[in-house]
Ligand code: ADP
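This document starts with one chain, in the form predicted alone, laid out as structure tokens.
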């Protein structure tokens, strides 16, 4: 899963107990999805808030166990069968998960491409630790690119999964966290929780408000300490950021990050971070990665195709490219930013 810090400012009291007349903020920390997860619940009853945290922990752990890309999991078993050319029997939940990922991949023109797990592994990112070795050889990269695995190679029915491309190796690191957060928030709503934030390593979905005031969050500066911008969450929204500072390694003076461009086989160049706001955490998660790879020239077209209209892309020159809707909402926390508001056809 992606690793990232997004500074979440909650100017409220934490750790209150019992049942009070007015809703109070209750906060818990979990470790799952390969990152620290902050769960914040606004509720009168501490017991109800504690149950909400248990719901979140259960949902996130379930998705993590199902879709872990390198530890033994149902996903690694699926990948083993696809490599052999076999058809895999799947259940309804697996069908919905992969169908959504396949649709988002298509809309992104395969910039979001969960089928390139073998490339991600080749770069050393199928590990809990940061890679500490030389980058792969051009020959090894070319061997995988020759097969051009993509989600279009997946044949999916409600009960089966197969592929005629044995190079397909699924890795949902740019989608699974968002999907898990959506599942957790859906369960929270079903249990009667109206005001909460699930913040998984900086990527989050917030519902409701804090005593009728919007939740306010800060977006990390990609190259310096502190935040580059802040914004208020409106009712029920997700905010996801992909950055080249999340997972990386240095070799011979060169930095290599984990966001691999499926076209070149190398870490995507030209972008340092992309932030996406969308009601669906899964869509925001996939779109942040796809737009990072698309880069400053192509991201507006890909964003429209993916159905996202609140985007901020920061390029290597630290120019902030934004959609008009994002520009209207975001409050910059730096004084010298160069802005490019993107509208119309690209």
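The structure presented is a predicted model; accordingly, all values stated were derived computationally and were not measured. Positions refer to the first chain, counted from 1.
As for the form predicted together with this ligand, it is not shown, yet the points below apply to it.
- Contact check for residue 275: every heavy atom lies farther than 4.5 Å from this ligand in the predicted complex.
- For residue 241, a non-hydrogen atom is located within 4.5 Å of this ligand in the predicted complex, even though that partner is not displayed.
- When this ligand is considered in the predicted complex, residue 188 lies well away from it, no heavy atom lying within 4.5 Å.
- Taking the partner from the other structure, this ligand in the predicted complex has a heavy atom within 4.5 Å of a heavy atom of residue 262.
- This chain is drawn without this ligand; in the predicted complex, the residue among 215, 123, 179, 112 with a heavy atom within 4.5 Å of it is 112.
- Annotated contact segment (heavy atom within 4.5 Å of this ligand in the predicted complex): 283 to 291, selected among 40 to 48, 55 to 63, 303 to 311, 283 to 291.
- In sequence order, 171, 173, 174, 177 are the residues of 169 to 197 having a heavy atom within 4.5 Å of this ligand in the predicted complex; the partner itself is omitted from this view.
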